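What follows is one chain in structure tokens, specifically the form predicted alone.
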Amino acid sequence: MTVLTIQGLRSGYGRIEVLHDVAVSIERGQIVTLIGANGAGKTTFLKTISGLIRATAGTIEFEGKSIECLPPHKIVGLGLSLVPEGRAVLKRMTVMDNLRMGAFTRSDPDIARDIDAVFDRFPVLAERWNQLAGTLSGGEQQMLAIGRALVARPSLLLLDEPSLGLAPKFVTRIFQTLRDLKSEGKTILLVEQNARQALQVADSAYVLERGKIVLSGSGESLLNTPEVQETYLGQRAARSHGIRIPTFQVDGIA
């Protein structure tokens, strides 16, 4: 079943158009990755889906409903949650209060159970439930941002550069979390500059350049595409310096 269908999407800032005729489709239970250089329009794309930026043309259909004209809180209420770049935790609020904010559109009796599920997934947050979010490490804040989004019970989870600026151990933990969420049936749209790991976890993937989709396919196929290897996996620069490119392996995926 298709969760998200985007056709002919255009958006930007004032007279500056950033996205040009973008089309993306996401099936339920998939991890879909969007990669691209800085300034390609990846964050603009996520903000447009989330209603933070208004589309100037095209359609965004989420679970059969057009959402391109809806305000952000209505989109969250339909089941689409964004983990923004830079985490954007509420630094002067505790871990627990940040998680409760994730449920601001909910009124059902299961909120506490879902917060407990976040603590089970990220035990360090359970240990620091009463600690101010601004005093957590970057990796811990990223876990909190993901946990807050999960408390909203999203049908589609959007993540914008979740590994950005994190220590390697936290990067590994974040990508393992994505694999765990997929195994639980979650649907994820991942924007990520760590192209190798992003493509390794992706069912399908898109390459965005200057606001346009220039390549698409399975994560594995794009990982082995010469254009992607040259531009996003560092092979061109390495070869120019006579450096041998090693074969990476993440949790059994070569």
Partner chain sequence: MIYQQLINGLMLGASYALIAIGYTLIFGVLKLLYFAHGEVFMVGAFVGLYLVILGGANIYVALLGAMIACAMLGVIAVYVSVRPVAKNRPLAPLISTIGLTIVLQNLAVYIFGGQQVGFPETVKQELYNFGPITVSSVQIFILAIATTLMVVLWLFIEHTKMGRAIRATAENHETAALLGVNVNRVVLITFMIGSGIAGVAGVLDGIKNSGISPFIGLGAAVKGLIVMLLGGLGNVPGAMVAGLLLGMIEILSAAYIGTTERDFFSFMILILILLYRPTGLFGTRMTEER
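Bear in mind that the values here come from a model prediction, so they are computed numbers and not experimental data. Numbering follows the first chain given and starts at 1.
The protein also exists as the form predicted together with its partner chain; that form is not presented, and the subsequent description refers to it.
Here the chain stands by itself, but in the model of the complex one stretch of 79 to 87, 165 to 173, 178 to 186, 121 to 129, 79 to 87, has heavy atoms within 4.5 Å of its partner chain. Although the partner is absent here, residue 72 lies within 4.5 Å of its partner chain in the model of the complex, judged by heavy atoms. In the model of the complex, its partner chain sits within 4.5 Å of a heavy atom belonging to residue 103. Of the heavy atoms in residue 114, none are within 4.5 Å of its partner chain in the model of the complex.
By the criterion of a heavy atom within 4.5 Å, residue 37 is excluded from the residues contacting its partner chain in the model of the complex. Shown without its partner, the chain has 47, 50, 52 in segment 29 to 67 as residues with a non-hydrogen atom within 4.5 angstroms of its partner chain in the model of the complex.
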